[in-house]
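A single chain comes next, written as structure tokens; it is the form predicted on its own.
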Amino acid sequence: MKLFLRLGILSVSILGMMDAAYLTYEKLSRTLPPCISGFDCGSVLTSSWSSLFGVPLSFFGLVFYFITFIFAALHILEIDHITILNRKLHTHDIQLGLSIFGALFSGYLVFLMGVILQAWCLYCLGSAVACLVLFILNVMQWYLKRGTCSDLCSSPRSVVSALLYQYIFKPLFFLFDAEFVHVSMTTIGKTLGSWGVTRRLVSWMFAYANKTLIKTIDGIRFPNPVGLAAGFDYNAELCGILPSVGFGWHTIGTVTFRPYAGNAKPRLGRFPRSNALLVNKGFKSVGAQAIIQKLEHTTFTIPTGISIGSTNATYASLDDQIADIVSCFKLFLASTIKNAYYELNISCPNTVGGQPFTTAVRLKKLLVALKPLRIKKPVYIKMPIDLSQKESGALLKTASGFSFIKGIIFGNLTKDKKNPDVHPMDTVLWKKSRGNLSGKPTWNRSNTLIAYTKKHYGKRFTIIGTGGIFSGNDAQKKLVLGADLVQLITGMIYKGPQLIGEINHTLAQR
């Protein structure tokens, strides 16, 4: 494998040198290379962007590929260190740095072609592909040289994915509106999930499987304990692709009885200093009937649940709001959907009236109304995390009196603007914004409630931990505290889709 990578880097650098040398020659001789239909090499190669300080960009590319060739040759000769200014440097570290620079700069040039010039050069795209391949091969070489990555990666592919996401895709995504990016990624995910070949490719890139991760809980067989929480795939678009990303289970929704277009924009924002998302969707949903029509002929390959909440509207009474939730459950129970479980979401702080079922009296009234439905599939209650321990304990005690409630999820967004885990600058912004926070600001409170539930109701409830999971160690922490399963959303957005495989790899090793 090591020799294959070194020969691969050497070969690609030679091809890159040939491409760059040819373009440099054509540029200096003031001629244009032959092109093929669909490309406009001339517009690109004669533009003002094709030179830097009067020197053709292709010449800089030639220098880059030549240096890469030299280091590849050193590796083949088993020379892993060089000394510069009395400092010993690892050649594979230098080469990795070079490949990152090459991938980033070639990405910039592709952006120029596609957005600024709106013309494509066949030779320039070939160079961009060469830089991307060099980046991937160098990451894999670095991975093998350094050994295992512990919690950082489950494979060389994971390292490549993480670096691409952290240094290219995430900075690009974070330039745009968060909801626009979410909708775009959902559309891409839906498309990738529609084809067997793309599902297999995504699985090869991201997923990690190990028999030690399999859990059977409440009669449901989970391939691994890492699930996608409700709030991401709220309109059931991603059933085809999520297993390939590596998730062991998946919650759709939250779904409401009636459609709701969502709260006023902006509905999503980012607080990078706090590793948090500002969420204000307010149970955005196409409605139960539309979701049912979409899912009745869907075959799920991992356990999939339906999260149900009350339609975001003003109700004449609490009884009317309860009736709305009961009606939603009735629709799903009458359908032929093969979902594995239900989630009862009583904890969204972004709806009209806030969280009406987060007192023991009101929760009991809701559960009494649901009991006659004789729901046979497990129901997990998604709980708030900002209540006091006494208030949370009262909700747990109430839920424990209803046998169809099998588990508890801790928890939902935090609305506590005095939360010490929110960066002070983000707190100032938050006070001026609509919505509440996911991610790391929910971490400590979620963990406290998981441990409390395990201590007092560990034999009664399945415990699902969500909130602030950004690594395998984070997931392990929640499991150690008492969670049986874990969920995430925000960590994947900040760390990348390879995070799911990394978490499963860490859990398997532990």
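What you see is a predicted model, and the numbers here were worked out from it, not measured in a lab. The numbering used is simple: start at 1 and walk along the sequence shown.
Another form, the form predicted together with a small molecule, is not on view; read the next lines as being about it.
Note on the interface: of 275-283, 203-211, 119-127, 419-427, the segment with non-hydrogen atoms within 4.5 angstroms of the small molecule in the model of the complex is 275-283. Only one of 102, 384, 248, 439 lies close to the small molecule in the model of the complex, with a heavy atom inside 4.5 Å, and it is 439. Of the candidates 139, 230, 328, 226, 230 is the one whose heavy atoms come within 4.5 Å of the small molecule in the model of the complex; the others do not.
Shown alone here, residue 498 lies farther than 4.5 Å from the small molecule in the model of the complex, counting heavy atoms only. Residue contact with the small molecule in the model of the complex: residue 472 places no heavy atom within 4.5 Å of it.
Although the partner is absent here, residue 162 lies well away from the small molecule in the model of the complex, with no heavy atom inside 4.5 Å. A residue is said to contact a partner when one of its heavy atoms sits within 4.5 Å of a partner heavy atom; residue 10 fails this definition for the small molecule in the model of the complex, lying far away.
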